[in-house]
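One chain comes next, on its own, written as structure tokens: the form predicted alone.
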């Protein structure tokens, strides 16, 4: 499949890609180099250098100070200067004075936290649209949320698809939309990724390009594994597994609108546009037989509650009662590695910090176990790959690599789809286990692209 020959591309640029005028020029070159890049979704300006402050964080600070009754003149002047410096350096004939005045007044008069945060993308969208010569499309009119604050995908898609048909090219700021009463509502941080996906679906795009400051996904965390290989192709399911376990390049919720529409995502690097990046597909059977895993990811901070009871398997509703005890504290479980007379529930340690004793007491009252224990300090590692189902002995290789590193496996969990294997190790062994597994499966550790 030729990913350079599509008719409609939606492109999203992160804050690091739009931090200053120099980056705006790079973005402009990228967009104008391909006439199929019709719709652009910008984030707010990010950090220009180490120690700099993102515009969104500055806007949050403005809101907090205004809410406490303080003046925001000096804070807002810094925000204004960020945009004015971009406008000056690009040589644009653009005056945003009226916009600044209105935004500063609204923040000072209780317009709301979401409104304040959203103005970073709004202003950057105005600047970028002017620079590119594209139409500006305000998502507040088309990206809709329900009264309870959840995203209204179908209304949004209907409204936005009709609007996009009216424009040959357009800039649609990321991160925000509106509630039924017209007030501004934002997605969670990183939500411009979501907007890009929403626009791609509404435009019936052939490809959604997400431009950031990295050349796609890596097979492992470079802070743990030296020079991990890049991932050329990954499926949505694999991405979900890796993102859930902490691998972050793309906002997790950004997957669903394009996955629903079957639109591929291409993660690209604004500072290295020649790099092909990572392609995210609905489905592919292709994989490298030399490296049958797609990636490794993991997180610390888990604990395990283990319940023991003779003839547990014959007691109807046992598992349901245990999970209900956890559900009543509004906590979700991570994994359920269980045996005939034992049931283990892996939980996020921070989430149960205040409710641990209540959960244990509820479990004891509900199922009357023979014994119950809690183990702390667990880290989870997910080994993910669509090629695993076609390769014998993958689990053995994982266990062998970890054992050879002198590490004890405290938990094993593998789904029937054989897409992933999850192991639990002591937090102190987490980094060593990650490196050992990577070395077992990746033959050329010095490569940067796979």
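Numbering follows the first chain given and starts at 1. Everything numeric here is computed off the predicted structure, so don't read it as measured data.
Another form, the form predicted together with a small molecule, is not on view; read the next lines as being about it.
**Q** Of the listed stretches (141 to 149, 91 to 99, 273 to 281, 189 to 197), which one has a non-hydrogen atom within 4.5 Å of the small molecule in the predicted complex?
**A** Among the candidates, contact is made by 189 to 197.
**Q** Note which of 37, 397, 54, 410 lies within 4.5 Å of the small molecule in the predicted complex, where distance is taken over heavy atoms; exactly one does.
**A** None of the other options qualify; the answer is 54.
**Q** Using 4.5 Å between non-hydrogen atoms, is residue 175 touching the small molecule in the predicted complex?
**A** Yes - in the predicted complex, heavy atoms of residue 175 and the small molecule come within 4.5 Å of each other.
**Q** Could you confirm whether residue 44 comes within 4.5 Å of the small molecule in the predicted complex, counting heavy atoms only?
**A** Flag for residue 44 set to yes.
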